[in-house]
Structures are given as structure tokens and as C-alpha cells.
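In C-alpha cells, the next block holds one chain alone, the form predicted alone.
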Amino acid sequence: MELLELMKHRRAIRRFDARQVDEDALQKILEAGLYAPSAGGRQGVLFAVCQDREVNERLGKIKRANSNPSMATATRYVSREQPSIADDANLVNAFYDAPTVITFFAPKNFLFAAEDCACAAENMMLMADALGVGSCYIGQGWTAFADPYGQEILKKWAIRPDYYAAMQLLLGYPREGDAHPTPKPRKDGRVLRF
């Protein structure tokens, strides 16, 4: 697929099939993240890949419990096709039962830590889409670890204390039978030329 067409095709996926992401596809997605731009070429982002369904479900529920999104209204919402936790109060797992959850850990007190994570996530989401894998970027990663179980997982994963969970990237195959989300029309007036 041509790169611009791939960018136009990629969409957030919030409903996943239960099957795990193919290992070859996962390695390519991770490699795309490793080659993302980073401030000063520091390559400071750590990618913690969890494919343990029980751990992902529990951390997703902790994240949901610690998230306080403004709930959707008739005119303000994230997605009608695939509701987010801000759209549907009945969703209890902020990871939407994705079989693979990658937490991006970034250095604390580094000015461009979040930006480095976002660049890596975009590379990975594009590669995932090219391989037929769905993805969804989830911000505020630290909320998944904001209780004793989350702290225990950080220790188990040997996450350095000078790093924090910036965000998560959910990966999985889109649920069978779901149509690919339709792109929203591009808004006019967003490009300013002088």
C-alpha cells in the first residue's frame, strides 16, 4: 500500500478478536517503533509488551477505574462506531480486551518524553495497519499502575524508577464481522499558509 493511502486507511480499533497477534507481525511492529524519531536521537522509550490476557485485563480495569473522562454527549464523543471508555460507562476495561498491550515507558523529567512515545506509536500503528493488525493509542499510561497490583507489575517487569508509563498501544486483529471504521471528512481551514 502506498504510504499516503496507508495513512488515510489507518483507524483506531477498539473491538478485538481474541486471537493473539502473529509473532512475525509483532516483531515488525516493534521494529517500526525502534526506528521512530526521538529527540536528540536518545532512543529513550522502552516498550513493555504484555500478551498475558489476565494481566492485561486487570491493568485495563485499573486504568478504567482511575480514568475520569468527561462522558460523551449527543454532540461530543470519541467514536460512535467503536465507543471509547469516555463514550460508554459500561466499558470496564480501558484496553478493550486487546490481546497485546504495549506500555511505552519514558524517562521522567525529559522534556520530549511524551513526544518520543507519540512518534514511536504512530510508526507502530502504521506498520500494524499495513499488516492487517488493529491498533489503538491510549494516553495517560500511568493510571494502569496506580494501585498495589500495578506497582507489583512494575517491579515484576523491572521498570526503572526514573521511567514512567506514558501511554499504551493496543494491538490485535479487528473483531470479525466489524466493518473497518470510516474516515471522518477532513475539516477545512486547518492549513494556514503565509
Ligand SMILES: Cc1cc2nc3c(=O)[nH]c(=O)nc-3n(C[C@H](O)[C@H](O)[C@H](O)COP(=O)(O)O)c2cc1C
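Heads up: residue numbers just count along the shown sequence, starting at 1. The shown structure was predicted, so the numbers you read here are calculated from the model rather than taken from an experiment.
Not pictured, yet referred to below: the form predicted together with this ligand.
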Out of 136, 154, 127, 62, which one falls within 4.5 Å of this ligand in the predicted complex, going by heavy atoms?
136
Does any part of residue 15 reach within 4.5 Å of this ligand in the predicted complex? Heavy atoms only, please.
no
Contact label in the predicted complex: residue 72 to this ligand, heavy atom within 4.5 Å
no
Does residue 78 reach this ligand in the predicted complex, with heavy atoms at most 4.5 Å apart?
yes
Contact test in the predicted complex: residue 105 vs this ligand, heavy atoms, 4.5 Å
no
Would this ligand in the predicted complex be within 4.5 angstroms of a non-hydrogen atom of every residue among 58, 68 and 149?
no
Is any part of 74-100 within 4.5 angstroms of this ligand in the predicted complex by a non-hydrogen atom, and which residues would that be?
78, 84, 96
